[in-house]
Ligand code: F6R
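We begin with a single chain expressed as structure tokens, specifically the form predicted on its own.
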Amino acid sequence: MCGIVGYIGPKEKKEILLDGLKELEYRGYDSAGIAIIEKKKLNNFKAVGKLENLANKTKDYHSSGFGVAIGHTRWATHGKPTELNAHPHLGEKSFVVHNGIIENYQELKHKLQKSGVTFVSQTDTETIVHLFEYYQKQNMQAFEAFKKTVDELEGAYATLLISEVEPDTIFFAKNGSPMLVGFDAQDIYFASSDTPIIGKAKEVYYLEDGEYGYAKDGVIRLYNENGEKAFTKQPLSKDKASAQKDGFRFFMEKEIYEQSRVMSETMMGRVNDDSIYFEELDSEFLKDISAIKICACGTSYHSALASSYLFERLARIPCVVEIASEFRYKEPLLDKNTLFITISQSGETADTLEALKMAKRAGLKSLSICNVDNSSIVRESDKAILTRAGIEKGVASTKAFATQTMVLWMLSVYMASLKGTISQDVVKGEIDAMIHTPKALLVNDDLHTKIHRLSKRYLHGHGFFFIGRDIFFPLALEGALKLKEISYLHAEGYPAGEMKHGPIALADSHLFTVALMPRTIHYEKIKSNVEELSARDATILAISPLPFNLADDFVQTHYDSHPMLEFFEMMVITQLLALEISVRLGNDVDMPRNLAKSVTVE
């Protein structure tokens, strides 16, 4: 999740771009860059790392007079955080910035390379500017060439393009990734969200998917698949903090709602019609692997536990999951035919990093699943797969957990295909479920309202049990952790079949049980377990596609054709439950006490 800023007008452009990018730096800080055309001359600057590095690099540069300008702060998805991979990307006479993922960029890149185009970066974005110039050289007008380019893009994109061919124009297009246009008299601004233009623009228009056009002479010309269209501006908010949260009360709430979109980005270019593809991996890397060991902490540990069922069920490969802080001191037996996987949202988790170094010293192949490129764990690993969740500001992880679980699910199918342990029909069934996952992650108003109303009944008592079986046991662990983190109420995740081996002694009317009851896995077994608790007068909140008469509260799910669809839909419900209980208790949802986002100490 990167950040875009654009401006066309007579004001000092460098400061507008840098100020705007500062407001978007929470979206990405691997690298940043700006490009400005004034007096028909193009200037550009890039820097790796935080925005202050770009500010230092441009301290002696000042723009004056009319011009066009675009800027970008990057969260790496394709290619390492380097100046060559930083935006804006350059053609011969044009620059482009882009948020999102161009799913068919490899196909476009191959086509352009065959025509003689040389690429200098590892990014998908560079294809946009070269494709524009490819068509522009075919005697097309600049806007015609831009439209032709946009028509060929598949995936998610918000993009701005400027060119010396038309030095007074900014071309724009939006599909799947956010972008808006701000207005103040003849000045026109572009941005990924409100905050960069608050205090500069007075009115705003939020671009819709499939819209594109250009800005010139203080006017926006807007188009969609039906041709040119009219649009209505609206007043721009003046509250930057609220704007950064896109109208949500908390970043955690915003990130729960974002899960549907970021899951699509996690899958882009990886989930094809009949196969899983990872450009980061090859069959040689996984050759002779006979077992998997996964090390992680906290929420990442729960995603690892869920994946262990998938690796063994689909790929038929033994998978052991270790808590990193325990693994470091147990004198583990490590076999060189074991793939060592580490999972970390930040890539800086101290215990996980040290576990990885142990595995490296033992000669194991290592793979990291992480949200931050160029982080310590990514650099230390032989291979890395980025989750593409974007920056997560809420301390209690939501979308990072979801995307980690999706990457592991994809990896289990990928390895199963390589090993030939599942048929092509099964592969297609898994892929079909993956494609439907973003829908299962959508939050509708009725669901959120229901959870808000029932949350008032769960503010007391002597604790919570979240129970589930199979992959829903790790989800129960994660649901309990979310509640603990932000509500400060005691909660445990437990295998449903284990309750009668001790914990059922706690059951009474003041014990709250959140029962994950999927239709597709062991429904009758867990139903029996919940009935045992109900008979001891425990208060039951059942989450299931099938009505359960003994439940005190019931939240019905709808995506019940595949266990992972049920997993992700129930995940959202447990996240919202934790959120709403915490809000009712008056806690700081985004910054819970005693916790930090990245645990860099032992």
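Model, not experiment: these values are computed from the prediction. All residue numbers are counted from 1 along the displayed sequence.
Omitted here: the form predicted in complex with this ligand. The next part is about that form.
- Partner contacts here mean any heavy atom within 4.5 Å of this ligand in the predicted complex, and among 479-487, 146-154, 228-236, 204-212 they occur only in 479-487.
- The contact with this ligand in the predicted complex, taken as any heavy atom within 4.5 Å, belongs to G298 out of P474, P88, G100, G298.
- With the partner omitted from this view, the residue of T73, T266, T159, T349 that lies near this ligand in the predicted complex is T349 [heavy atom within 4.5 Å].
- Interface residue remark: I197 is not counted as part of the site for this ligand in the predicted complex, having no heavy atom within 4.5 Å.
- Q345 belongs to the set of residues with a heavy atom inside 4.5 Å of this ligand in the predicted complex.
- Among heavy atoms of S397, some come within 4.5 Å of this ligand in the predicted complex.
- Not displayed here, this ligand is approached by Q404 to within 4.5 Å at the level of heavy atoms in the predicted complex.
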